[in-house]
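We begin with a single chain expressed as structure tokens, specifically the form predicted on its own.
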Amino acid sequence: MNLSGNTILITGGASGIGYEMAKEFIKNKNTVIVTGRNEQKLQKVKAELKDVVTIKSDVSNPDDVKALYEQVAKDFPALNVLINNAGVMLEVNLQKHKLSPTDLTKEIDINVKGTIWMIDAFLPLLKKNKNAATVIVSSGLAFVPLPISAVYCATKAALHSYTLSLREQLRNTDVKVFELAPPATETELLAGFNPGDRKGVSVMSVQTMVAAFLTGFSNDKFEICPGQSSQLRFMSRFFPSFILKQLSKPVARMHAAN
């Protein structure tokens, strides 16, 4: 993939990985559109990145996805890269029964349904344009779960499986399908978690993570697993019980807090 001259849409681009991607792609002379649910954050991004296009849109709302497609297809018909980055990660104690049905599956609505709806909406446009690609941001936890975030990990495992199938289904097209599986990365996603649960975890800076993504993206590496994500993928294949036991240690802290 070329790193310049693209028209790129990044969901969840107002902070974290999406923001850093937008910043780097703008540096490389691309047209960049970012979406998010928070208008104030989008205004801040616009002020900081100047050349970025911001559109308020919620991937978990099918009406928003449809309206976003119609706006982008009209104003940016050359769109050739869709990066599905929007996502949330929650610690959920499945024994407490305190969450409403909606809150319990919020991660599914945003992480999984949102990605599938976005790709379904934008695929016809991508297929019309040259040098086209979609990127699905999963996680190193797609390969082995962190049990205190059971729903999140299930969504990322689902995205990994979906990406494999999508890539095969698009093999007869010119649309490339990338999966980025970040390791623990220093973003807002980790802010609500107990620091003690990170023992033995190397938290990667968002700048280093995005640099690794850009290298893989430019070299057509379709499954990009920076840092400890590569280790998790390896361990899940050859030592699944051992790595699950290691990642299950925070459950004891969760139970003690009951």
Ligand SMILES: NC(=O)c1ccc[n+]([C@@H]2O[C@H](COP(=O)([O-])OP(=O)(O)OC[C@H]3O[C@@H](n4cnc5c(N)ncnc54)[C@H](OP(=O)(O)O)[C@@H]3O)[C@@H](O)[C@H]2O)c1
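Just count from 1 along the sequence shown to find any residue number. Please read all numbers here as calculations on a predicted model, not as lab measurements.
The next section is about a form of this same protein that is not shown, the form predicted together with the ligand.
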*Does P183 reach the ligand in the predicted complex if we count a contact as any heavy atom within 4.5 Å?*
yes
*Is L247 close enough to touch the ligand in the predicted complex, meaning at least one heavy atom pair within 4.5 Å?*
no
*Examine N38 and determine whether its closest non-hydrogen atom to the ligand in the predicted complex is within 4.5 angstroms.*
yes
*D58 near the ligand in the predicted complex, any heavy atom under 4.5 Å?*
yes
_Location of the ligand contact in the predicted complex, chosen stretch of 149 to 157, 166 to 174, 90 to 98, 71 to 79 [non-hydrogen atom, 4.5 Å]_ = 149 to 157
*Which of I110, I116, L126, V144 has a heavy atom within 4.5 Å of the ligand in the predicted complex?*
I110
*in the predicted complex, the residue from A212, L189, L49, I33 that sits within 4.5 Å of the ligand by heavy atoms*: L189
*So which residues in 118 to 143, when you check the ligand in the predicted complex, have a heavy atom no farther than 4.5 Å from it?*
V137, S138, S139
